[in-house]
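Shown next as structure tokens: one chain only, the form predicted on its own.
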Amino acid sequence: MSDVAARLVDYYEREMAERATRPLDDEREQRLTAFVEHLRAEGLGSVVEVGCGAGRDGFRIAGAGVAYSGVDLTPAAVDLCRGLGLDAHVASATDLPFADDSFDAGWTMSTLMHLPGDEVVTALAELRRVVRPGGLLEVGVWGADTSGEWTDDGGRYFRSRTDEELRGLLGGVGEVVAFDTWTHFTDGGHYQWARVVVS
């Protein structure tokens, strides 16, 4: 495990129990509701979540009658998910423990921005591998008006990209059919969300 990954695991191991009780913000709530409704409308019956955390999203997805599997680097997160009855695995976004074309859809929120270097390219290739062609992928990350990377006081690594850069990366997975941003920060940073039809 890399030093970046080890520091992420250390941070989230300590924080995960509190995170499990934290409500989703309004935008995340709206996107999750729309995602679940879209799954139902399109008859998409299976979802993989990369960065399942405490299971807040996964519990809602599985509760809609969808076959759900989640992965997270943090054992405490996987334990919480399993406690909710979810299928969850300790695994990296860059090495998903699933066969090709295993899922109809993928969901990953606030996770891929923690990957250093070109690891996000590998992670997106893994999602493309395990989500069948024509399937749905929804991605959310923290972005910015200019690219950058930093480590916060808790030891977590972050990599932000411009909207254009993220669109370009996602275009390698499939067709970006929706893209939106909203501001949470005062330094030019914003949240980026996209819906992709996997090619």
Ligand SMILES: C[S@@+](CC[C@H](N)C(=O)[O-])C[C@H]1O[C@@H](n2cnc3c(N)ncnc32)[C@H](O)[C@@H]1O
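Numbering starts at 1 and runs along the sequence shown. Predicted, not measured: the structure shown is a model, and the values here were computed from it.
This next part talks about the form predicted together with this ligand, which is not shown.
K.L.:
Go through R31, R132, R56, R161 and name the one with a heavy atom inside 4.5 Å of this ligand in the predicted complex.
P.N.:
Partner contact (heavy atom, 4.5 Å) among the options: R56.
K.L.:
Just one of L115, A88, L127, L80 has a heavy atom within 4.5 Å of this ligand in the predicted complex. Which one?
P.N.:
Looking at the other structure, the residue within range turns out to be L115.
K.L.:
Of 166-174, 144-152, 59-67, 43-51, which is the one stretch near this ligand in the predicted complex, taking non-hydrogen atoms within 4.5 angstroms as near?
P.N.:
Of the options given, it is 43-51.
K.L.:
Please determine whether S92 contacts this ligand in the predicted complex, using a 4.5 Å cut-off between heavy atoms.
P.N.:
Contact check for S92: yes, within 4.5 Å of this ligand in the predicted complex.
K.L.:
How about R19: is it within 4.5 Å of this ligand in the predicted complex, going by heavy atoms?
P.N.:
Looking in the predicted complex, residue contacts with this ligand include R19, since a heavy atom lies within 4.5 Å.
K.L.:
Is there a heavy atom of T122 no more than 4.5 Å from a heavy atom of this ligand in the predicted complex?
P.N.:
Because no heavy atom of T122 falls inside 4.5 Å of this ligand in the predicted complex, the answer is no.
K.L.:
Indicate whether A194 is a 4.5 Å heavy atom neighbour of this ligand in the predicted complex.
P.N.:
Result no; A194 lies far from this ligand in the predicted complex.
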